[in-house]
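In the block that follows, a single chain appears as C-alpha cells, in the form predicted on its own.
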C-alpha cells in the first residue's frame, strides 16, 4: 500500500526533495520495523564533497560521535574523509573496518589511559589536550605524538554550547605547549570549538583571533604552530534556515588568510552534524493517543528521548511529518486541520517527553511519523532503557 504524508512547503524546504523522495519510495517498497533511521547515501556524498572545500589546505575528519553506526562509518570509509574519535568504542568501529590510522585523529582533551594506549598502538599520532595531567598521560603512553592544545572560546549563537567543559585561556595554553615540548612531545597545533549547531558566523572571528595571538606567543618560546584545528559546529536545518557551508567557509578562509598570511598553516575540520544530520530521516510509528484532563492532546511514538531523540531535551527542535490514511499524492499538499500535540516517546518514564505544542495533522495508531534531519546525535545517544528498541541505521 502506498503511504500518504501531509507535506507542506515549509517542511519541504528543510530537507532536499531527493532525500525525501528516496526515503518515501523506500518506505513503500520495504516492510520496515520501526523505529529506523534511513540515511540518504547520495546526500552524505554531497556533504562530504562540499564541506572543507572552501578552506585552503584543509583536511576533513568526520566526528564519529555524530553517528557511530557501522553502516554509516562503512559508507563514509569509502569517501575522501578522515575520522575524529574519542574512545575505544569508536576506535573499535574503525579498526573493525580496517580504516588506516593516518585517517584518524583524536580531539577529546581528556582521554582514558586505555584509549591512549590503544590509539597509539593502532598508529594514531594526533591528539588534543588541555591539562597538565593529559601531558603526563600522553608523554608516557604516546611519546612523540603531535599535540594540539584546546582554547576556550565563547559559544554564543550555538544551540548546543560546549565552552565550559573543555579548553583553557591563552596563558594556560602557552604553558601547556611549553610543558608538552619539555616532555618530548610535539606541540604543533591549536584547536577550539565554537559550539554545536552554531549560527553566529562571528564566533570564528574570536576563535581565530585567540589562535593567532597564542601562535605568536608560542613562536617567541621556540614552538612552531603549523596546525589549526577549527573543530565542528556547522549548523543544519531543523525547523528554520541556517548559515550555509559556503558562507561559513568563505568567512573562515578569509580569516585564516588574514591572520596567517604566510600560508603555512594546515587546517583540520571536524564536522559531524553537517555530514550526516540532514541526510537522515527517522521513521517512527504512532503507538498511542490520549486527551488529558488539562486539555492537552498527547501523541506517543516508538522513538523518544532515551532511544534516539536525546537532543530534544537540550534544545534541538525537529520537524515532524505524519502519515495520513485516505490516499493523496505522496508529495502533495493536504489541507486538513492541524492540532497542538505533546509528543512523547515509548518508555514509561515521565521524562520521555520529546516536545510540546507541536502542530501536527492527526495520525492513527500504527501510522508513521517522519522526523526530518535525524541523522546526527540520535542513534549515538540511544539506549535500550525500558527495553525500547534502538533505531537501526540503513543507507538508502
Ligand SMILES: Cc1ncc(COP(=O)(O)O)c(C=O)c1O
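All figures in this text were calculated on a predicted structure; none of them were measured in a lab. Numbering follows the first chain given and starts at 1.
In what follows, reference is made to the form predicted together with the ligand, a form of this protein that is not presented.
Judged by heavy atoms within 4.5 Å of the ligand in the predicted bound form, the contact stretch among the candidates 135 to 143, 213 to 221, 231 to 239, 247 to 255 is 231 to 239.
The listed set 203, 307, 322, 107 contains one residue whose heavy atoms approach the ligand in the predicted bound form to within 4.5 Å, identified as 107. The single contact residue among 84, 278, 302, 130, judged by any heavy atom lying within 4.5 Å of the ligand in the predicted bound form, is 84. Residue 197 belongs to the set of residues with a heavy atom inside 4.5 Å of the ligand in the predicted bound form. Looking at residue 65, you'd find a heavy atom of it within 4.5 angstroms of the ligand in the predicted bound form. The ligand is not drawn, but in the predicted bound form it has no heavy atom within 4.5 Å of residue 90. Contact check for residue 189: no non-hydrogen atom falls within 4.5 Å of the ligand in the predicted bound form.
Along 251 to 290, residues 270, 271, 272, 273 each place a heavy atom within 4.5 Å of the ligand in the predicted bound form.
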